[in-house]
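The chain below stands alone and is given as structure tokens, in the form predicted on its own.
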Amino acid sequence: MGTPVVLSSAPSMGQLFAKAALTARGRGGALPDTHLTRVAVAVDPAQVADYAEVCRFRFGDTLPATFPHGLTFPLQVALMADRSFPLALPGLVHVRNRVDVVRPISVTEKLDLEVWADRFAPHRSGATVDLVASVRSRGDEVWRGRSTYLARGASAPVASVPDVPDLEIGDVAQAALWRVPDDAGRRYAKVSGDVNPIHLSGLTAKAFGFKRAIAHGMWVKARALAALSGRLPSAFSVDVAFRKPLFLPSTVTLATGQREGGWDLAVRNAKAGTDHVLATVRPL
């Protein structure tokens, strides 16, 4: 167990992103052993309803599978924006995300959140780091997540763990066509709090090297899962690889295939066929 730091409220991600943009630098070295936590967090049902609408989930008595990521993400950003973190926050690319829904979570439950850094690893394009999140209710873990971020051109310690293997899926067939509007990033930012400038407008995205604003990877993941509402087990894992950026606006396809009691998924550009997101959904 690392060093616990209890926060009384969610950090302001807007302030953290602004601070990181002004003081961006990776100091190198090892990962901090800090564990950021919040206790007895109450969920706002109105926020859940807004999130469900933007991501196309059915709104009910339980949280959408990806909603807890939004609760823990401010803690991730606070950890990555801290001076003790070895990589600069601006420029980090979310390349992989796994979510385990241990059981359905009621909207009325009080939740304990914990986030820490793990697995600082070499990558063919630089270095990756994982931000791990755990959500507990009455002492029992009910949800966990692992987000892998890539820092291009960075170096990991020599004795670190190897590169994460690629995600592979089986045959899938087109199930839906989505027209993703140019304000999709702003709409998701409003309900999730993820105000990373690369998602908000073409102007702010160009400052970070993108030709247009790009959709949040976690919105694409959520939208794909929402398309399977009513066809998922009560306890399951969703492992996603984020491939090519989904520029806004765009038209994409969702392709699905049943596999091993779950699903394989792909979100692809409708015209070029390039992969934006590949995913596997499996029962726990």
Partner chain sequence: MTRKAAIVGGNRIPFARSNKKYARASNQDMLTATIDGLVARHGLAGEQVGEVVAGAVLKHARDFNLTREAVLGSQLSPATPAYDVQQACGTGLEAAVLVANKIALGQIESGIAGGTDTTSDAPLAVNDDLRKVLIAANAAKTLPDRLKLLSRIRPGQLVPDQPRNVEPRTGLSMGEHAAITAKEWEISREAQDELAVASHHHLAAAYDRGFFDDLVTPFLGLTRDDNLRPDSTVEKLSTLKPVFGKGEGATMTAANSTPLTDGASAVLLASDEWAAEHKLPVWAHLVDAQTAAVDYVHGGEGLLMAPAYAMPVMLARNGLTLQDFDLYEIHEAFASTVLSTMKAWEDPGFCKEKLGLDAPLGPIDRSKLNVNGSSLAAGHPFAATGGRIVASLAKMLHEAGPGKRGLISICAAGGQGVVAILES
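Predicted, not measured: the structure shown is a model, and the values here were computed from it. Numbering follows the first chain given and starts at 1.
Here the subject shifts to the form predicted together with its partner chain, a form of this protein not shown in this document.
In summary, the region of this chain contacting its partner chain in the model of the complex, judged by heavy atoms within 4.5 Å and restricted to 30 to 38, 43 to 51, 213 to 221, 239 to 247, corresponds to 43 to 51.
Checking 132, 154, 200, 107 for any heavy atom within 4.5 Å of its partner chain in the model of the complex turns up a single hit: 107.
Contact annotation for residue 60: at least one heavy atom lies within 4.5 Å of its partner chain in the model of the complex. Its partner chain is not shown here, but in the model of the complex it comes within 4.5 Å of a heavy atom of residue 229.
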